[in-house]
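So here's one chain in two forms, each on its own in structure tokens, numbered structure 1 and structure 2.
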Structure 1
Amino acid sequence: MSALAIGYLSLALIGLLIYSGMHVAVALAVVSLLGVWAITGHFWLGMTYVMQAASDSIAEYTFGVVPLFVLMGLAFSESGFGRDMFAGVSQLTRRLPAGLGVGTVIANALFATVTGVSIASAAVFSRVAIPEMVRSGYNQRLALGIVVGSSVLGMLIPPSLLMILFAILTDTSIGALFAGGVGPGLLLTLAYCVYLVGLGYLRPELLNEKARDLRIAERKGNALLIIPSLLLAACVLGGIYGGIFTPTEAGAVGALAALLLALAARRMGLASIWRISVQTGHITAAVCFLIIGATVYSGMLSLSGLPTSIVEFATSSGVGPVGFLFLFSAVVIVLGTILDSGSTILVSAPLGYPVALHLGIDPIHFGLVTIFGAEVGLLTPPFGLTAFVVQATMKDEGVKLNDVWRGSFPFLLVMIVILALIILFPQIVLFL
């Protein structure tokens, strides 16, 4: 069997194993092991490869701060500050039919201006926003979808780790990519809001109005409660834009600030701080094992030559620039069903980029299409990293992965529509 055939077979096998209930990280690693074995003919070589990738893939500064963002999110929600913040937001957006949902999307867009990693957004907002939306009468799946869908903004609105990765892989300007992300980021934020408001008019039973009004009434007169949340946000945002710490360091500063504030306000004791730290560790281990699995598998895919072959197919079809962008983003979305967004860009961008240049496509436009396509993968099964993070964070509330997939499906559709718009109208990216 050719290496290429092994590559295609491995895609099918991974889907099968994941749906059969095997731990996702195990499925990815074991298929990679079998794939490298089949390609090279040496079993132990495959094993050594998996082992090496296990350490190399997560031994990165950016992943090192994953637990700190998770901790910040848990501290923020467990202390009740998250609830207070949402009470404040719902006051502001109370005239809208989907006020809390719109508030969550906008809060996520604001948080995206400081974080470069979508899993940080997902970790912070799942614990803070979902219980609040559910308490006020939202359908649980809708609440899950809102958080998963809007967490992609974390890597779309600058700063963005994916843009830095793309810039380095293709020699394009980080600054120009950051600027290019603003348009698509705002457009997606707006599209989510429009979708939610429309839903509020058409299916009001999904966003129970009454319960929300009750809650607001119950909170009235306690507007001061929002102050600690504002302080925390000011501390994180001010620190980053004041040049005191980097967006990645903000995870540590934000977590410590949230914990200290919770202690000072007697919202949390040392015992509950320890409890959420343990939970942080579990989420970190589960998520990092997924990242290891996806990285190992992307290496195996590269060895099989599959990415080269599908990009060659896309280019040899003889389509023009727009057709190429549609085909290429389809390839990226397919890769994104199984890989994390970083790995998706790693294996696809260097292959598509020269073709895009040859066809006269603006490099920044191509970059944003690729990045947006890779981010679609954050919410597509069987491997969708932010969906996993939200589920891992909400597991003890009885949330199943299936609920997350179903809840985020409408948001996936919105993303695909926006992606098509970005392809058709390069100005969305290039207007700045």
Structure 2
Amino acid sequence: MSALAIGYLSLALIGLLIYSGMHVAVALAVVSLLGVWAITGHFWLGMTYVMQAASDSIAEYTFGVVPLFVLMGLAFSESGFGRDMFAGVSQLTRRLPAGLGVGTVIANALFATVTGVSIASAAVFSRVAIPEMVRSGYNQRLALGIVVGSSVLGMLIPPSLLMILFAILTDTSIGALFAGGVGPGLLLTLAYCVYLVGLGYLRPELLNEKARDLRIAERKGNALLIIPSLLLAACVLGGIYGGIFTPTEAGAVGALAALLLALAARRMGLASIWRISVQTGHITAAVCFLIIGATVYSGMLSLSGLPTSIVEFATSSGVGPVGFLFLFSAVVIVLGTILDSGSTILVSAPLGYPVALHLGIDPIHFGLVTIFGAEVGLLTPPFGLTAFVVQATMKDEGVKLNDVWRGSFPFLLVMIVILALIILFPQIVLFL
């Protein structure tokens, strides 16, 4: 069997193993080992290759950015600043039609600037925003959809864990990806807000805000509660864009600043610091396994010649850069129905990245299209991880998973429209 045939066969085997329930990292590593063994005819050569790739993939200095940004996000979330942020923004938007929904979206966008994880946003705002919207008169499904839809901003607005993963996997600049994520993140935030304001005018019965003096926003001057998050975001992102420090150094500064803010506000003790440190270790270990599996998988594909074959096919088909991005986005979205967004990136990027470079697509543009497509998967059944998080958080309130799916569907459509705009107009990503 030729090396190219082994490469194509490995794709089918990986898909079969993932659908059967095997962990993505394990499936990638096992199939890559078998692939190298089949191509070279030497088992121990394959083992040596896997061990070397495993060591090299996480030994780089830039990998240190992962635990640092995870720690920063967990510290900020644990200290309750997300609840304060929602209160402050809700006070500012309370006079708008659908003001509480708009406030939830904007608060999620601000929360994204210091967390970088969509699941954290979904968990925090499920407990804070949904009860307040329902109490205020919102249709429950709409309230669920607002939180699920806006939670994806956690991975689109920098700093983002998905951007870091893509950068490590493709050797792309983390800072450039962070800059590229600003446009899509702000555009999606604006699109959600416009949709909700329009809904407030056209379907006011869905969000009858009968309690403008919301309990969560009763205190005078509570708009000032957003200041800690703004300071932290300005410190981290301002330092990166201003050239003061690297993304890895920014992660260290952000993690330290988040801990100091929490301690200064007496929001966190030693027990809490220990708990989020353990959680950071767990998340980082999981990310390590995924990166190792993806690195081995990418190397095996190169050895088989599969990327070159796909490049030749894409070139001869005449599909063009825009057509390729639409097709690739569709594949990523389909993968997102069965995988989490990180796994989707790690499976799809090694296949699509060489083709994108050959077709002259900017790496940053391709990266943001890939990340955006993976985030669409967070809202799509049957996997839709954020939907599961919201449903689990609100289970005691009688919320069913079907309610979450139906509530998030309009926001899914908005995301697909924005994804199409990002593909058609690269300037949305590359304007900075």
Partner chain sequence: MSDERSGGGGLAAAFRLFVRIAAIANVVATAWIVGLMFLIVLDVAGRNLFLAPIAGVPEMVAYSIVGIVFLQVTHTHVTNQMIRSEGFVELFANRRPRISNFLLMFGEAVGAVLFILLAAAAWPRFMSAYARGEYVGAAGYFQLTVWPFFLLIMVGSAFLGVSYVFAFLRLCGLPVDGRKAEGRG
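In this text, rigid core is short for the largest set of C-alphas that superpose within 1.5 Å between two forms. Predicted model only: the values in this text are computed from it and were never measured. Residue positions are counted from 1 along structure 1's sequence.
- Each of the two structures shows the same chain on its own, and it is structure 1 that derives from the form predicted in complex with the partner chain.
- Remark: with the core as the superposition reference, the CA shift of residue 280 between structure 1 and structure 2 reaches 2 Å or more.
- Once you line up the core between structure 1 and structure 2, the Cα of residue 296 ends up 2 Å or more from where it was.
- The rigid-core alignment places the CA of residue 76 2 Å or more apart between structure 1 and structure 2.
- Core-superposed comparison between structure 1 and structure 2: residue 270 shows a Cα shift of 16.1 Å.
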